[in-house]
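Next comes just one chain, in structure tokens: the form predicted on its own.
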């Protein structure tokens, strides 16, 4: 039963898909049925943030203990987090088209998200440009910590200080305040857990693959 959490992940994802498409949702003006994207877009971003946070934890560990295994975990967590960041951006763009009338708007949170993704992609470029293993691990760890701080600023702080179309930002009420009813909560919270668990599963597979590649190269 060591992999029980993987079974839970599959069950929660199936529940999210079925419940997200079939359970009744509030008929809010402009949003209407597009509000169902809440079960996918938002949890994907939560998963991305969780993976980047865990990557930062491993970068701190690498700096404090000179642990190359922690560096390996950090890079694979970032690789997986970028996947969820791209999926979150795509689902957000689709949602924006149906609610705001454009695939992309000059919204501080959208722009901040795009900048954050570029920062983490630059992290991958930085690693690829360094050949010495120890030097790569140390420099990458410092950059990774810096990148997560910027993520908090661009996604969590700036949208709350300036005008933003996103709920809960720029003076707009959050979903919980006006339309996240009990039916939606029954799907939303399991969806968040489901996508985070899926992200961790994907990361564990990538980590296993990288370790096998390292063993074969010895």
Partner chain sequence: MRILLTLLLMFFNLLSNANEIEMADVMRSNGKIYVVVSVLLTILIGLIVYLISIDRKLTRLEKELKQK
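What you see is a predicted model; the values in this text were computed from it and never measured. Numbering follows the first chain given and starts at 1.
One more form of this protein exists, namely the form predicted in complex with its partner chain; it is left out here, but the text below deals with it.
Quiz prompt | residue 32, heavy atom within 4.5 angstroms of its partner chain in the predicted complex | solution = Contact with its partner chain, yes.
Quiz item: Taking heavy atoms only, is residue 65 within 4.5 angstroms of its partner chain in the predicted complex?
Solution: No, residue 65 stays farther than 4.5 Å from its partner chain in the predicted complex.
Quiz item: Using 4.5 Å between non-hydrogen atoms, is residue 185 touching its partner chain in the predicted complex?
Solution: Although its partner chain is absent here, residue 185 would stay clear of it in the predicted complex, with no heavy atoms inside 4.5 Å.
Practice problem: Would you please decide whether residue 196 lies within 4.5 angstroms of its partner chain in the predicted complex, comparing each non-hydrogen atom pair? | Solution: Outside the cut-off, so no.
Quiz prompt | Heavy atom distance at most 4.5 Å to its partner chain in the predicted complex, all of 42, 139 and 149 | solution = Checked in the predicted complex: no contact with its partner chain for any of the three.
Practice problem: Name the stretch, out of 49 to 57, 185 to 193, 32 to 40, 151 to 159, where some heavy atom lies within 4.5 Å of its partner chain in the predicted complex. | Solution: So the stretch in question is 32 to 40.
Quiz item: Taking heavy atoms and a 4.5 Å limit, what residues of 186 to 214 are near its partner chain in the predicted complex?
Solution: The stretch 186 to 214, when checked against its partner chain in the predicted complex, contributes 198, 201, 202, 205, 208, 209, 212 at the 4.5 Å heavy-atom cut-off.
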